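Included below are structure tokens for two forms of one protein chain, each presented in isolation as structure 1 and structure 2.
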Structure 1
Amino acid sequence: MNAAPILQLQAISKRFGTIQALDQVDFDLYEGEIHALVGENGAGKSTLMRILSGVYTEYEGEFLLDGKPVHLHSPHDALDLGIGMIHQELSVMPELSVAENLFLGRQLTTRWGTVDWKKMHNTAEQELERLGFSHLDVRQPLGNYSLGTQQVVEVLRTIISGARVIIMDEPTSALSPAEVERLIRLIDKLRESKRSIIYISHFLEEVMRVADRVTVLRDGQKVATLNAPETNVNNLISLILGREVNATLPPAISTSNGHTLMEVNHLTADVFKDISFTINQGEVLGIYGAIGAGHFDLARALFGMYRFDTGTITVDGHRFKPNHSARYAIRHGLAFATESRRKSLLMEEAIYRNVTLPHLNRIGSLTPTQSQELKVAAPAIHMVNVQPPDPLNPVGKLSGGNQQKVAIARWLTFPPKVLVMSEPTRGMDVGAKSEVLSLLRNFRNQGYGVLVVSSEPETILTVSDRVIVMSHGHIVAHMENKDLNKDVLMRLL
């Protein structure tokens, strides 16, 4: 590695009230380096990066850029110094064009101060060509493209803005395998052009592929900084958790007497066609597909959140009326956690409130007391191990992964007959992932039905008894989860 680091953080500490989010953390970055940052949910990764990108301006410790102390006052300051951050939550504007998104906040103007569309389109096209994304039409609304492409455009925007330090906070959590590959190629290109990248991810195999060095945070402290060739996934896991991970799920107990809990027949909508399946008591069905395969909208349709044209849904012998509401679905034994869980949470409201929200009418009266609600919510919050575990905390103050856990806890209070979950482990650290999958397994073992809808092959393969593969809206395979592996699934897409 050459000479001095371009960026150094020394003994950085940051408190939120009583929580010590960061405790004397050191971190540095060299030119042309990919430095990965890993750690459990709530370890302090995003907080450290928000300091680096000017979002948090109050902290203790030193921040040196090219050897000189700096103190940023805003993300704008950071960008001026060449530091750009791509946040955990997308911040693109789907209704604006690709070009407008690429120049968001820095529109190119003519001499007269009006937007110079021609120049913007031409420059956008040239930049996309140079970066290997010339297949994107700069005039199309960005919303016409997949979530993955939208994510990529956010990355491209930061690059085009001239940032030499690019922070990516979980860039691949919503990408299809092909999109992940494209992003990794882009990262390699950036390294060649001497840009530096800080890469946050819970996908440790991906981390091992892209990173030159890896820093591990645990409980706000730096545990280690390692050269990638000198470590491996298992080593990282034990550093992240500070213990060995118990990756084995509770054994699958057979409780099924063949009773069918859910039956879906010939369900058809604009983005999925002729979908039929059953789920028996004590069974987990996994539906696997790439992003855009229609499986997430299928899940929404089951729960009354997406319009379907024909077909039937029956839960425990009760046939749903066509295009029912979510409330109707809940009343008849379904629960559903969407893949975009942040949207389903009320960030200002307390954790317990977010858990009891869909069930208020079952907790006695329409306006239950706080203690009534807490009594219902507390066991579920405990079950998913929300950290910190104070149920009175607003959800908005939790780390990304812990927010996900709250959205799951919501459905453990009044158990449904069939639990439908899209991307149950998205954004979760290795420990939390296995906790949530164990939870689903236990739910199954108690004789409930579970439908897991996911684009992560590992998740599907770990918990499912049977697997359906969807591609372009159709079921292309339906099989027992025996002798299956990632390659088999991905080849079917």
Structure 2
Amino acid sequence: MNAAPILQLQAISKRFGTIQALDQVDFDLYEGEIHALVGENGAGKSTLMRILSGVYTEYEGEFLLDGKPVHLHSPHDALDLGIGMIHQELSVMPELSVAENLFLGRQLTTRWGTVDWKKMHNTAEQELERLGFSHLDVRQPLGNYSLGTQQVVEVLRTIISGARVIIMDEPTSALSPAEVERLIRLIDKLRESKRSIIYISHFLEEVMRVADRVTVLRDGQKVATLNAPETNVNNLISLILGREVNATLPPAISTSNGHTLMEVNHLTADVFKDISFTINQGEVLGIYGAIGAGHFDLARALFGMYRFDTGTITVDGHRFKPNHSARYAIRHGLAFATESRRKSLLMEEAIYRNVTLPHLNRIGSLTPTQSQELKVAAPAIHMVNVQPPDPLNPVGKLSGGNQQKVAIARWLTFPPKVLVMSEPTRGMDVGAKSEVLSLLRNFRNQGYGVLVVSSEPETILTVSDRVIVMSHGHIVAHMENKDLNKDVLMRLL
């Protein structure tokens, strides 16, 4: 590293009304360094990065770039100075080609001002080959590729733009294990070419693999900056939470009496084939697979959100009619929390409204009053420990972990026979993950059935009684969760 950092944030403070989001935070970054930023949801990571990327322009403290004070007025200012940010929520345009996405907003033009398609395609191919992604067809619509590849293209767009400081916010949350490895190799190349990366992730093992240094934020304050070789995951967890983490879930009470709550036989669609399994009363079944394995579409098909061709679904003895609706599924004891919280929840609506929304016809009248809805929602909100607990608070103001709690709470008011959870802990910090998985285990302990669908092996291994592994639309293994580990699951993909 050079003697002086290329970027320094000194005593940065930021308030939102009465909330102190950042309090005297220092952060620096050297040329060719990977500096990870970790902390719970709400710790201040996003606020700090939005200052650095020009989104927030009003704050206290000093921002130095190459030793000189700067004050950004917009994200465009940040890009002009070589600072690019890759957000967790994709900003790609799936209907445009790979090349158009790589040069989005700065298309190469001829001297007459028209798009120079030949030059843009050739340049895109050269850049992709240089970065190790020559397998991508730059003329194909990006939407033809997987979500993981779309995420990679967003990363590549920032790199090709010439940014020397790259902020990566949860860059692997939608990637398959193979794509994660490819991205890590790319990060190593960027380090060798003297690019500097601020790496934000809840995957602490991943952080330890890529980072040179790690800064921990908690409640808007910097707790520590550590050299990665001098710390470990357990130490980071303790610093993030401010206490020793209790990684144990509620005990697995043996409530399964052999009564089958859900039976799926030979379910087949375009992206999955011949899927069969059962879920017993008081049991968690985990379905693990990489992005594109077909397990997310399977979960949607169970709930009536994805069309299947053949096969049967039975819940507590009732065989579902072919290609049923979501309303039909709810009425017959099946609930579903999708992996996309922002699509399943109404962000502008109050917490209690999100909890009662699927059950308005059960609350007592065609148009329930606010007091009626609050009476129904309050116990579930309390049960999942939403923070802050005000039921009138808009869901959009909650952290990702608390939004997920709301997504679970809506199915606790009138509990289903079987709860299907898709990526229940995606993008969460370690504390929120532990709370959500505890909720699922408690639901199981009360005698209900739970199906957890995830591409995160840690989540599957932590909460499941049995594990199914899917690869390329097929079940390749079905095992008791005894002596299983991450390596075993990943080798089956």
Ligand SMILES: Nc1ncnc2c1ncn2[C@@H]1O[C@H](COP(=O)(O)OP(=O)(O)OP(=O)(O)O)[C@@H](O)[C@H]1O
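The term rigid core refers to the maximal set of C-alpha atoms that superpose within 1.5 Å between the two forms. Just so we're clear, the structure is a prediction, and the values are computed from it rather than from any experiment. Quick note, the numbers are simply positions in structure 1, starting from 1.
- The first of the two standalone chains is derived from the form predicted together with the named molecule.
- Relative to the superposed core, Glu129 undergoes a C-alpha shift smaller than 2 Å between structures 1 and 2.
- Superposed on the core, the two forms differ at Gln387: its CA moves 2 Å or more between structures 1 and 2.
- With the core superposed, Asn354 shows a C-alpha displacement of at least 2 Å between structures 1 and 2.
- Once the core of the two forms is superposed, the Cα of Ala377 has moved 3.1 Å between structures 1 and 2.
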